[in-house]
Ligand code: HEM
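First, one chain by itself: the form predicted on its own, in structure tokens.
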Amino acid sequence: YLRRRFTYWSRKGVPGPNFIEYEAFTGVHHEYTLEAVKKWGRVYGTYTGFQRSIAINEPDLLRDIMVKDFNIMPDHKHFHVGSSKIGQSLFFMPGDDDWKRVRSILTPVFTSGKLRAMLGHIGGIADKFVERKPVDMRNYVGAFTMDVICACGYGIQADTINNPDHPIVTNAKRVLGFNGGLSIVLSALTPGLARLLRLEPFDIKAVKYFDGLTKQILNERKVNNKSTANDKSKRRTDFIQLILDSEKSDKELGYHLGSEGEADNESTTGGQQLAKKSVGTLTQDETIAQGLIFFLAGYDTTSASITNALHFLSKHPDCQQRLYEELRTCDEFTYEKLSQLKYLNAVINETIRLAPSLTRIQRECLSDYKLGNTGITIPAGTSVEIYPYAIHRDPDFWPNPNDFIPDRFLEPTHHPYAYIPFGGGPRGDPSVQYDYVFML
């Protein structure tokens, strides 16, 4: 049985190992993916636990999978989340009608008008961030990121730079601090078994803290919104409030005009257009789940990206000087001005190319799928593995791929699916513009 199970791909003439890629989980993951693609090619068969998987790192094929044939692979890899409400977040939901409804509600939350309003939270915290003494940059940037997410997500001024033991900090670290134990491994590799055993991959007490915090904020907003309904100057602009206001346009909310009707990048789903207007509302549990994933997904990834940018700039003083000179031309750090700083944006894009937060993107194949002109048929139930780190370091797509060269993004010529730090298509991160504004 095992021999037949682990020789499936070789019997189909697809290159790849005839065993579980255990080194991907016991070593440095992103380095392993790079070496695996070099050894087996951009498309190769593999195995995740006892599940058949196929690694696909060819941009043309990825565009088909993520956009044109989205209806075949609308789900992220199935994962057991335990009793946490996080399973109702956009990231973990299967790509069904409920997912489309939630996505249609969340997408308007990140229009440029609402991002402008949210930028005020970041500016005040950034002023506190300026220090003229030696600091541990990873910890310091982490505290800055936590403060911004607390303010932008929940409207809370946590000041974790000076208050590192704030309950939000300690509980966030408990949720994020999984150590690869049995619960998380089985939840990822064998979600059915994890569900049967009722395993909890996340620290349930910490998750319940965020559940209670979000419920408290929602109850306070119901009272506050009634008293400030006619006074737009007192309206909050954090993520929770923007979800509650998602059915209203930027014009109705008094935000900067001209941001409505923004394109939803590559939002076709196998020929079907995703709804541009929000459909219905979120339940309380769904709102809690979106707030939780906004907080947890944004914290470590954003702080790591900012730290990496500082590292690359410290190693390349010429780039640092060029960025400094561009920043000196900016008289105020508004949304509009920051978005026009081409070299700053190039530095951020090049940082994320070299050190993407997501080193593995996964999709579930729901029905048999012919993979382009490769002659390969992916059977239903197969997990599709995508390695952004390996794609971003492929010399066929990126000349001198290991070098920090921000100029490559000033007039980019790369294939759009050779750069996928946030995924792509309808299943891509709808908050990507917020992430960029944050790092700017």
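Throughout, we count residues from 1 along the sequence that is shown. Note that this is a predicted model, so its numbers are computed, not measured.
One more form of this protein exists, namely the form predicted together with the named molecule; it is left out here, but the text below deals with it.
Enquirer: Just one of 186 to 194, 352 to 360, 365 to 373, 206 to 214 has heavy atoms within 4.5 Å of the named molecule in the model of the complex; which?
Expert: Contact-bearing stretch, as computed: 352 to 360.
Enquirer: Name the single residue among Arg116, His76, Arg221, Arg174 that comes within 4.5 Å of the named molecule in the model of the complex, judging by heavy atoms.
Expert: Of the candidates Arg116, His76, Arg221, Arg174, His76 is the one lying within 4.5 Å of the named molecule in the model of the complex.
Enquirer: Quick one: is Gly298 in contact with the named molecule in the model of the complex, heavy atoms, 4.5 Å cut-off?
Expert: Answer yes; at least one heavy atom of Gly298 falls within 4.5 Å of the named molecule in the model of the complex.
Enquirer: Is Pro17 part of the interface with the named molecule in the model of the complex - any heavy atom within 4.5 Å?
Expert: Looking in the model of the complex, residue contacts with the named molecule do not include Pro17, since no heavy atom lies within 4.5 Å.
Enquirer: Would Ser305 count as a contact of the named molecule in the model of the complex, using a 4.5 angstroms cut-off between non-hydrogen atoms?
Expert: Yes.
Enquirer: Taking the named molecule as it sits in the model of the complex, is Phe294 near enough to touch it, meaning that at least one heavy atom pair lies within 4.5 angstroms?
Expert: Yes, Phe294 sits close enough to the named molecule in the model of the complex that at least one of its heavy atoms falls within 4.5 Å.
Enquirer: Note that the named molecule is not shown here; using its position in the model of the complex, name the residues of 94 to 120 with a heavy atom within 4.5 Å of it, in sequence order.
Expert: Heavy-atom contacts within 4.5 Å come from Trp99, Arg103, Phe110.
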